[in-house]
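In structure tokens, one chain follows: the form predicted on its own.
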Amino acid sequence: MSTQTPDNVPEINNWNRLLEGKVAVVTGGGAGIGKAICELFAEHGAHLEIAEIDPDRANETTETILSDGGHVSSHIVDVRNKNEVDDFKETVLARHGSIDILVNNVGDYRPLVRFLDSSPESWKEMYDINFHHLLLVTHAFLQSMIDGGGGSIINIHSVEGMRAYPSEPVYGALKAAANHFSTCLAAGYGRHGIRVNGIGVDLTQTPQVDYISGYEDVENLWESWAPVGRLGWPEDQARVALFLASDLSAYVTGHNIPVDGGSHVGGGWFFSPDEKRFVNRPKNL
């Protein structure tokens, strides 16, 4: 058997700059997981184009990356709005011609409305923030990625789209849609050089889900809550996104990876009689 790398397998020339010269679009890049992804991608040589709805967050991420010598531009975009997404696309493509990496990171569990109390209005709001934008942004950039020879699309969703989520079935169903959209898109566009994968997030400290202030004096419980025994951080998600964006994963597509400290395989949701709700972090163990 030959020990030489075949011509169609990408070589890794610089392990410290895995995304050198690549153009990466990241939505919701101003805070939390999105910010961690942007900073790590910039550290590895990517040119970042950030879509962020909050100007202060966008400026903070931009200033951090620029101060570290990275390449970044931020754009104030509501990715739920087709016209704003189209304008964003035109701006990015006018600058670069095509992109290499797309990270659909935007999502939220709010409005958290129990299903019996929910309405078509709350379903629509949940749909827009968790799935509709993913379709809009992917559709906007997909043709340019095909024309540019391919690339990597990474959809950040939730482990709740990979297991039952009794607290909010609408949210769980939409995250499952993001999960399966990733798989279907991978099957359909792999022959164009496009890889598509998803990341199922759980137990990760972000501005949206604050495990630290919401759970005081529970350090001893993380061993039970998460098989890896600790709280997750945005950097944990960013490292997996780097793998999926780079040629390290050149033969990986159509997969949804739980980045959850093992919560998906190690446990689930439990009904708490005391709290009268489902919890995935029971305090009485």
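Start at 1 with the first residue shown and count on from there. Just so we're clear, the structure is a prediction, and the values are computed from it rather than from any experiment.
Here the subject shifts to the form predicted in complex with a small molecule, a form of this protein not shown in this document.
Of the residues Leu93, Met162, Val106, Leu185, just one reaches the small molecule in the model of the complex with a heavy atom at 4.5 Å or closer; this is Val106. The partner is absent here, but in the model of the complex a heavy atom of Thr206, alone among Ser98, Thr138, Ser118, Thr206, sits within 4.5 Å of the small molecule. Of the candidate stretches 74-82, 119-127, 187-195, 142-150, only 74-82 has residues whose heavy atoms lie within 4.5 Å of the small molecule in the model of the complex.
Judged against the small molecule in the model of the complex with a 4.5 angstroms heavy atom cut-off, the residues Ile53, Arg110 and Val201 are in contact without exception.
Shown alone here, Arg57 lies within 4.5 Å of the small molecule in the model of the complex, counting heavy atoms only. A residue is said to contact a partner when one of its heavy atoms sits within 4.5 Å of a partner heavy atom; Ala31 meets this definition for the small molecule in the model of the complex. Interface membership of Ile154, defined by any non-hydrogen atom within 4.5 Å of the small molecule in the model of the complex, is ruled out. In the model of the complex, the small molecule lies within 4.5 Å of some heavy atom of Tyr211.
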